[in-house]
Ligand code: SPV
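In C-alpha cells, one chain follows: the form predicted alone.
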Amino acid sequence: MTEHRKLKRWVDEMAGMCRPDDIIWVDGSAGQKESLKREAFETGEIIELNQEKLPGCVYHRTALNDVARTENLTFICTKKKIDAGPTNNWMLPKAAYAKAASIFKDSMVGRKMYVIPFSMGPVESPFSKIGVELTDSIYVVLNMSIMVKVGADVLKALGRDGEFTKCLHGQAEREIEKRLILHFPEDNAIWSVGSGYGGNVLLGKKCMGLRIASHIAKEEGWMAEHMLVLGIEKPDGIIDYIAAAFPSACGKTNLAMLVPPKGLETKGYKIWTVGDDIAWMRIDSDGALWAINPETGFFGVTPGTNSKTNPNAVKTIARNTIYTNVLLKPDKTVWWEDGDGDPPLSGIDWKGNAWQPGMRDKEGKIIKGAHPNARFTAPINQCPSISHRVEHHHGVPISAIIFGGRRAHLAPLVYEALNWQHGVYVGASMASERTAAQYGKLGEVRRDPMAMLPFCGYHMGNYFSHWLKMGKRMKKCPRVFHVNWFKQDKKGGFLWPGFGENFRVLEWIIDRCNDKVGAVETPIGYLPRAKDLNMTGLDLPKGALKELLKIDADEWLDDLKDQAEFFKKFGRKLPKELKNEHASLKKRLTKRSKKC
C-alpha cells in the first residue's frame, strides 16, 4: 500500500504490541467499505436499517459506560506540565505511553487492525494535514470514511517521507478503569484505548482536528478553532463568510445549516454551509484570514434535531448515515426525543431493552428511548445548503468571527467588539449558564474561552497570545461579534424566537462588516439600533427588542469579578492586553453605572 518506511515501521511496532490477527489497509473504495459493512452486520457491531426508508443507513450501540467524551480521562502529555496549562489534564509522555501500552498489549488478539490513512482538509491543500489511524473497530472505519478523506489518494499525497499524525485506537475491554485518551503534541501522536464512542475514537475529530492541530497551528502560525463556517449570499449574489464559536447546547450545528425566515428568504438571501464544528484558518497572500472545514461529514446530536430546529439536518441524515444510541423502531427505522413525529408504540431503546412511551425506572424517572447524546454521522455533501467552496484548497475568506453563549440576562442579543484586541478579550471571557439538562448547579456560569476549553492542546494563556499575534499579522482583521439567542424575560420566557430568525442578526453583522449600517457605541461594544435590525415578517411582543438590546452596567460589573477569578488561573501567561481590556471595560461600566 505504501513505500513510506516510517509509516510501515510504526504500523509494525503497534501491531507487535496489540497483536491483531490481521492488518487491513483502508483504500477508500466503495467495494471495501461495503465488504466491511457486511462483516460488521454479521458480528452485530452495526445493524442494517430499513433500506427502503433509510437507504444506506446503519445503527450502532455503544457500551453503557461509553456514551460521551471522557474529559477526566483525556490528557495532554508534554515533558513540562506548564506547557499543557491549567485547563488540561497532564501526564508525562513516558508514563502515559507505559500506562496505555499495558492496556494495549495483546488487546487485538482475535481481532483485525485497520490502517486508515486520512487527510484533514482537501488532499494536497496547503491548509491540510495527514493522519493515520490504527483501530480494531469497523464502526470507527465507517465513521472516519464519512468524516474525512481516507484511502489511497491520501497515501499518494503522503509520499515516501511525508509527515503524519500517528493515531492509535483500540477498544480493549471498554472498561472505564482502562480508558485513556492521550495526546502527545511533541510527538505528533494520539493514543486512545478503552472506548468506542465517536468523540474519543474518531481521532481525526477533536483529538487531531483541535488538540493536536491547535499546537501545530501555534508553531506554524495559523489557527485551529472549534467553529462553524457559513456563507451568507445577499440578493446581489455576493457571499460573505463568517466563523462562529459556541459552547455546547447553544445551537452551533443549527446555525451552520440555518434556513433564512420567509420574510427575508423571498428577498434572495441564502445560507451556504461550509462546516459545523471545526475551522482551520490561515492568513493568505492577500493578508486576510481564510478558513477551511477539515472534515467531510457531520457528527451531530440527534435529540432536539427536527424539521423546525434544523430542517437541513433532517434532510441530510435521511440516507447514508450512521445512527448511534437512538431508539430502534420495529420497522428498522429510528426515533429520538424532540425529533419529528410521535413516539412509536414500541421499540428497542439505546441500551438494547424493550421500550414503550411513558416507561419509568425504579426512581420514577422517564426512560428515554434515545440517549441524550445520541449521534448521527452523515456526509456533508448530502446537506441541501452545502457550499460549492467546501472543497476549495484555499477555503473561504472570513469577514466576521462570532462568539456566543447562553445568558439569561447579562448579554444583549448582539454586539460588536471595538477592535481585534477587544474581540480576543470577548472570546476569552465568553461563558454560558448551565441548563436543567446539564450536570451542575442551574444557572451556574461556565467560562469557555472561544469554546476551546476542552480542546486547546497547550497552555491557554499562550493560546490567547497567539490570537493577538495573528491579529497583528493580518492586513484586515475579521470583525468580532458576540450573540446571545437565550435572553429571558422576567417570567423565564425567551425574548428571541431563535432558529431561522437568527438570520436577522447575521444580516446586521454582515452589513456592519461592509460598512452599510450604523451602531450605537456602548461600554461593552457597538450595539444595533432597533431600526437597524430587519424585522420583516416578525412580530415580537411589545418591549421585547428593547429588552434584548439592554445593558445593565451593574450586572456587567458583577460579571467582571467572575471573569477576573477565571483569568487568575492563567497566571503570568495571561497577556497584558487582556488585563488592559478588562480594566478598560470596568472603567467604562463604572462610568455608565454612576450615570444611572
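Start at 1 and count along the sequence shown; that's the residue number. Everything numeric here is computed off the predicted structure, so don't read it as measured data.
Another form, the form predicted in complex with sulfopyruvate, is not on view; read the next lines as being about it.
Chemist: Within 4.5 Å of sulfopyruvate in the predicted complex, heavy atoms considered, which of K206, H215, R179, H459?
Modeler: By the 4.5 Å criterion, the partner-contacting residue is K206.
Chemist: Can you work out which of G199, P311, P261, G231 has a heavy atom no more than 4.5 Å from sulfopyruvate in the predicted complex?
Modeler: Looking at the other structure, the residue within range turns out to be G199.
Chemist: Which of 393-401, 73-81, 462-470, 190-198 has heavy atoms within 4.5 Å of sulfopyruvate in the predicted complex?
Modeler: Selected range: 190-198.
Chemist: Do D277 and sulfopyruvate come within 4.5 Å of each other in the predicted complex, heavy atoms counted?
Modeler: So D277 counts as contacting sulfopyruvate.
Chemist: Under a 4.5 Å heavy atom criterion, is S248 part of the interface with sulfopyruvate in the predicted complex?
Modeler: The answer is yes: S248 has a heavy atom within 4.5 Å of sulfopyruvate.
Chemist: Would H371 count as touching sulfopyruvate in the predicted complex under a 4.5 Å heavy atom rule?
Modeler: Judged by the heavy-atom cut-off of 4.5 Å, H371 is well away from sulfopyruvate in the predicted complex.
Chemist: Would R69 count as touching sulfopyruvate in the predicted complex under a 4.5 Å heavy atom rule?
Modeler: It does: once sulfopyruvate is placed as it appears in the predicted complex, R69 has a heavy atom within 4.5 Å of it.
Chemist: Looking in the predicted complex, is sulfopyruvate within 4.5 angstroms of a heavy atom from every one of H226, R375 and F455?
Modeler: Checked in the predicted complex: all three residues contact sulfopyruvate.
Chemist: Enumerate the residues of 290-319 that have a non-hydrogen atom within 4.5 Å of sulfopyruvate in the predicted complex, in sequence order, or give none.
Modeler: Heavy-atom contacts to sulfopyruvate in the predicted complex: only F299.
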